[in-house]
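Only one chain is included here, represented as structure tokens and corresponding to the form predicted on its own.
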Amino acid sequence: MQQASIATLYQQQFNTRPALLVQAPGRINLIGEHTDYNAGFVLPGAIQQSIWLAIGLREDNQLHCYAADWKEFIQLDAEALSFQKETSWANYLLGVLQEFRLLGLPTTGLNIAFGGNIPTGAGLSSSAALVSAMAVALNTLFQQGKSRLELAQLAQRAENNFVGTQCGIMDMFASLFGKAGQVLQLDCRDLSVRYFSVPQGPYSWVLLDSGVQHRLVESEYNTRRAECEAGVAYLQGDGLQITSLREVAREALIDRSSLLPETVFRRCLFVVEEIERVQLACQLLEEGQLTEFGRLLTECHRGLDSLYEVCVPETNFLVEQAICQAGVLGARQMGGGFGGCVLCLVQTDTLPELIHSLSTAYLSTFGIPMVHYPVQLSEGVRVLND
């Protein structure tokens, strides 16, 4: 599904041209998992896989929304936004609309059609792309004058308050602030940003899709967040003047390990170590030390599996198989967890053999075809001409 296809589809569905089109990219995160909602650092970038959203006004007070990838259509009263159990994709649109309503946007009818080529459930943040596209669309269509930062915060609230996923701000931020050829180090405490160029040369980034789709609302994502918050509360009870795990040194956490339930301690240890890894990773990018960067990827995966417990047999298999292959510098499960993609840093000339070897082994072991996606770091959300 591409830009022209969505414009044509919109016209077929609604018998008129859209008022505007918006392209919103998915994202990868090189390193820094589950650190965003702990006020830590993350290192994401926008990718070429995107969602295209077409929008226009209606003369009545109805919301008509068509999801091309699911071939599903919903029709709602614009004055009474309600959570949609059967068409969960609609909740991302409705959540953004509700947040704008809370800021004073008048009730009006809308036609919306969207589609894209971001694999759902693969950890590439198709949901964040959708809420980001909707936020930019409404901001532009109704001339609300919100900054990109305000839109990222609004999109996060939509997922938190309406959809029910207690996600951090990283995914929306990456979709809105992405730059071609670069990743951004986002400080999730003060939302400051530094951009880092990602060396390509003889190396490539590739995503290996496990085919195991995660569902963050139904999974243990929210539980992990609650466990981190519990860890902070335990540490505060011991006299540490902190508000998040960002402020906890690894040594201080280990010294107080007996104060925390074992599971809570392991969750906190992963986050504290992962925040340190992001900072080191940025230094390695500046120095062009991709071999050491690859080591951090694998180290991150080990922590996601043993400490944070968000990996599944399929992603563990892909990581272990990948790092045994010639030319692979490192690999890890990417995204919230419980499936999705594995991110690999690999020597480009060995990539065909890697894909062939892993595809064969994965199909033989799990009976699931392994799809792979090349990664190209791209620009953030854009308003397009149809």
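Counting begins at 1, following the sequence as shown. These numbers come from a predicted model, not from an experiment.
This next part talks about the form predicted in complex with a small molecule, which is not shown.
Enquirer: Do G340 and the small molecule share at least one heavy atom pair within 4.5 Å in the predicted complex?
Expert: Residue-level check for G340: no, no contact with the small molecule.
Enquirer: Would you check, heavy atoms only and a 4.5 Å threshold, whether G336 touches the small molecule in the predicted complex?
Expert: Output for G336 is yes: heavy atoms within 4.5 Å of the small molecule.
Enquirer: Report whether the minimum heavy atom distance between C300 and the small molecule in the predicted complex is within 4.5 Å.
Expert: No, C300 stays farther than 4.5 Å from the small molecule in the predicted complex.
Enquirer: Is G294 a contact residue for the small molecule in the predicted complex, using a 4.5 Å heavy atom cut-off?
Expert: Heavy-atom contact with the small molecule at 4.5 Å: absent for G294.
Enquirer: Quick one: of L307, L138, I169, V212, which gets a non-hydrogen atom within 4.5 angstroms of the small molecule in the predicted complex?
Expert: Contact residue from the list: I169.
Enquirer: 342-350, 57-65, 36-44, 356-364: which one contacts the small molecule in the predicted complex at 4.5 Å, heavy atom to heavy atom?
Expert: Only one stretch passes the 4.5 Å heavy-atom test: 36-44.
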